[in-house]
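A single chain, nothing else alongside it, follows as structure tokens in the form predicted alone.
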Amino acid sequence: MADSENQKFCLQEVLDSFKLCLSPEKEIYIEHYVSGWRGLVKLLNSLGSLFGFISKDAVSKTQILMNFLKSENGPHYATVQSMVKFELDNELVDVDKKGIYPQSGCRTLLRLHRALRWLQLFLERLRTSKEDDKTSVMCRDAYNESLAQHHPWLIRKSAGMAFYSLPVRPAFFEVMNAGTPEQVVDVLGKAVPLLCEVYQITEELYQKHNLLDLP
């Protein structure tokens, strides 16, 4: 398969990865979470270089998590739940904002978690949109509702410019690489609730352990 084909976004691939993400006990497998994010990075990259400010950060964060997964402590990083327990039990998280562990698994995942909320909200708006709805407005509203509150002014400004460069809805549906507009809406109808469930489980876990404001 050509390299360009490997880099092409496929909505079904993201759906498949996030399907594998949840165990029967609703634990989140980090390996599949990372795999799902690699698919979402392809989406960001397909939208143009202006989205690089988010996709580059997501790539570096997924790599940090994979490094943990391959380390001698790898078994503790099999799921989000086991990672949180391991890092809290061993005081490897900057709960007191000391800045000693800037690349802890918990902090790293939190950055992806926040961005996942934005993409989930955007894809849900896309799913329920009409043919002449503007993708730029959908993306901006989703961003303002989620990720914007965690970004400094300069990044928010860059994001605003990036949204205006988004393709119109029919072209965006082609980027999804999932067939006709009706088929795209159908796959989004399966993918978005999954993203939402993974987000919600993580949110509640982090809330329980006071990890939502890690520096």
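What you see is a predicted model; the values in this text were computed from it and never measured. Throughout, we count residues from 1 along the sequence that is shown.
There is also a form predicted in complex with a small molecule; it is not shown, and the following applies to it.
Enquirer: Kindly confirm or deny that 111, 118 and 139 each have some heavy atom within 4.5 angstroms of the small molecule in the predicted complex.
Expert: The answer is yes: all three residues contact the partner (heavy atom, 4.5 Å cut-off).
Enquirer: If you check 190, 151, 169, 26 against the small molecule in the predicted complex, which one has a heavy atom within 4.5 Å?
Expert: Only one option qualifies, and that one is 151.
Enquirer: 66, 155, 50, 185: which sits within 4.5 Å of the small molecule in the predicted complex by any heavy atom?
Expert: Of the candidates 66, 155, 50, 185, 155 is the one lying within 4.5 Å of the small molecule in the predicted complex.
Enquirer: Might residue 40 be said to contact the small molecule in the predicted complex, defining contact as any heavy atom within 4.5 Å?
Expert: Yes, residue 40 is a contact residue.
Enquirer: Is there a non-hydrogen atom of residue 107 within 4.5 angstroms of a non-hydrogen atom of the small molecule in the predicted complex?
Expert: Result yes; residue 107 sits at the interface with the small molecule in the predicted complex.
Enquirer: Test of understanding: in the predicted complex, would residue 31 fall inside 4.5 Å of the small molecule by heavy atoms?
Expert: So residue 31 does not count as contacting the small molecule.
Enquirer: Is the gap between residue 175 and the small molecule in the predicted complex 4.5 Å or less for some heavy atom pair?
Expert: Residue 175 lies outside the contact set for the small molecule.
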